[in-house]
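Take a look at this single chain in structure tokens; it is the form predicted on its own.
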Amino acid sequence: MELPSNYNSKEVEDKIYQLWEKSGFFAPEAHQPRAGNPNRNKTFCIIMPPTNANGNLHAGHALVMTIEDIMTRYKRMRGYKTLWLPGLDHAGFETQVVYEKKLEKEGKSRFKMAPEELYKEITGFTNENKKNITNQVKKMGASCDWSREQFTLDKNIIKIVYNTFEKLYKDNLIYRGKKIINWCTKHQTSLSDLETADVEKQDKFYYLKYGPFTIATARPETKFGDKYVVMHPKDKRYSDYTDGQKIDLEWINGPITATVIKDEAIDMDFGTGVMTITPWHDAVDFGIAERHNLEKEQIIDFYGKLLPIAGEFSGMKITEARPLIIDKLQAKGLVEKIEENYKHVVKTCYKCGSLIEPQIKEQWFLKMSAQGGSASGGKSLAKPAIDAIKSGKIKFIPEHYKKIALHWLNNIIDWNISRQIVWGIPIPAKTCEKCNEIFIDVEDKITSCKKCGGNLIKETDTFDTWFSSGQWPYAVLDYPKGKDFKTFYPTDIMETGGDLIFFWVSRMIMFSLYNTGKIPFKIVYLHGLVMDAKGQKMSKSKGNVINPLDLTDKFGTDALRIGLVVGNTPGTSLPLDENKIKAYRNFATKIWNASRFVLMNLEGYNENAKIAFTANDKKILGEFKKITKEITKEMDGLKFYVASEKIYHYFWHTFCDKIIEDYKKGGVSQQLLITILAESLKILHPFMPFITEEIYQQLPIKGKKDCLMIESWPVE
């Protein structure tokens, strides 16, 4: 019995994955551990974070697949009924942005396409990506149950999303309202606060004369409709002015009458302590206008151009109009001074970098308050999540993410869940043209207004993609009556990136507690970002993006997997250096050569013969059991970065450098050699599944299973 002289990962990996798939052991029902296994009646479940079906796997995905597969293979070998459920996300806005870039390269625009045509094209695009991504996930060795694969646009998922929406609406936790929102002028959609990026920008800061006051602004283009001048009621500088006082003054396009408003939202230390407000285009100003019941007037349209209220500047883009507006104000003697290098933070679209233009628009909102209130019957989405985290029902790794999650939940604001895009789950609502009554119609059966008989207008907006993916853990397990839901919920671990703590993790906790009354998972394991070799974030513009499949093609999947794990503590950014992966290819070669040596030295070996270990053998076995217990403890503690390093060092420096060398001198038995090799392969298997399975298939050991992946872990 002999292994080839060289390990060829390209030949082995596809063959081994086919073996696993044909075995059926990815399904939790397929493998029954031996009687007496202490974990025989226990379950373990991970729900795969659904990969966006709009491109290829990147280095971050490779880390996700590796860590989750390690968890899955380990628990399966420990005897748990193990489910790792895979899935893909339609990724609404993000996918549409990717497809829009494709259209732009072809000289097309989604705004010149019928919604049905665009949806059909993106569907085809997504379906191709789904196939591609599934194949790439398999290339990483993922032992997930493909028979249970889910997609966020599957009918069963949409049904659950719709039922949640209807329930929230009945509980007064969802409302349609005209509020200020984040608007992307490029993509023509609203965005939640989490979908905007805060960017420091350097602009000019203008001090303008507004009657007897001096106001300061970086955005003079919004000031055409300003007719309210606001100051803090305790600001002694303006104690002579009374709330509601009228003041006539000269402004950009002529004389106006301004009204004094006193409000505690004003920062007395900023600028001159007095400001005019533009409620349509600023969230703070909107809040002041709401409190004082003030008029709100739109100055800038949804394409970022000035409206007719701007007079001769109407139709101009705000960046073009700004210097011209200042010229006009200077001609009128209304510019007091200009600060040249004013640094401030502005909101931008997190996908295209366009400046966000706050706008007032009727949208669907989800009440999120940590307290709840009379309007929602005292119900709150955030409070049960806060209580669950505080009580320790959900554990965070690293632990400091617990504080981060709690801070966000305690300061949460209402969530704008509607998007003006085609690609997504349509909001199942209709509004009466005549009386403005709203109907939630999840089955699309209501044809006329039940109140006045008027015509109904169907909602054209789609859900924010996080509204559907936030329900992922229980939706994919066939909530509420499915067998999987009853068997595997709550799931055990949610493994994902730390950057999704707000977008996704917190929302899953809130939705799960609201719908199921249970936490969605017991542990949140947050890995860090995968960086380039210099520790810089990967980006296409920098040209430093590493395709994980290029590395697996070059060095083998096992080398990439263990290279991603050794030394990689949770929540810490990981520099991905090709030299490190190359080094672990050398380790794979070491495993292969050592195994080849053992198999070549089994002449006369009888696997069924009575085992007779020497005293030295027993001493070595005792040392092996000790290191195995240590590794098992690290695995149970989710310290894969430690466990992988320990088995690496044991195999290389103890098994290869000492035990095999002792065998050559006659110091250890043939039986010990094959025993240590077989048990080491079991421990290495979660980290390096392909090469260990290939070698295992050649081992002459008693009671060998169909696959190494269902062998018993050395310590039970």
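Here the structure is a predicted model, which means the values were calculated and not measured. Residue indices: 1-based, along the sequence shown.
FYI, the form predicted in complex with the RNA isn't displayed, but the following is about it.
When the RNA is considered in the model of the complex, only one residue from 452, 331, 114, 600 comes within 4.5 Å through any heavy atom, namely 600.
Interface residue among 420, 132, 217, 544 relative to the RNA in the model of the complex, by the heavy atom within 4.5 Å criterion: 217. None of 42-50, 25-33, 657-665, 671-679 except one has non-hydrogen atoms within 4.5 angstroms of the RNA in the model of the complex; the exception is 657-665.
Every member of the trio 567, 589 and 648 reaches the RNA in the model of the complex with some non-hydrogen atom inside 4.5 Å.
Using a 4.5 Å cutoff between non-hydrogen atoms, residue 315 does not count as a contact of the RNA in the model of the complex.
Though the partner is left out of this view, residue 634 does reach within 4.5 Å of the RNA in the model of the complex, counting heavy atoms only. Mapping the unseen interface onto this chain, residue 403 counts among the residues with a heavy atom inside 4.5 Å of the RNA in the model of the complex.
Shown alone here, residue 369 lies farther than 4.5 Å from the RNA in the model of the complex, counting heavy atoms only. Looking at 344-362, the residues that come within 4.5 Å of the RNA in the model of the complex, counting any heavy atom, are 344, 345.
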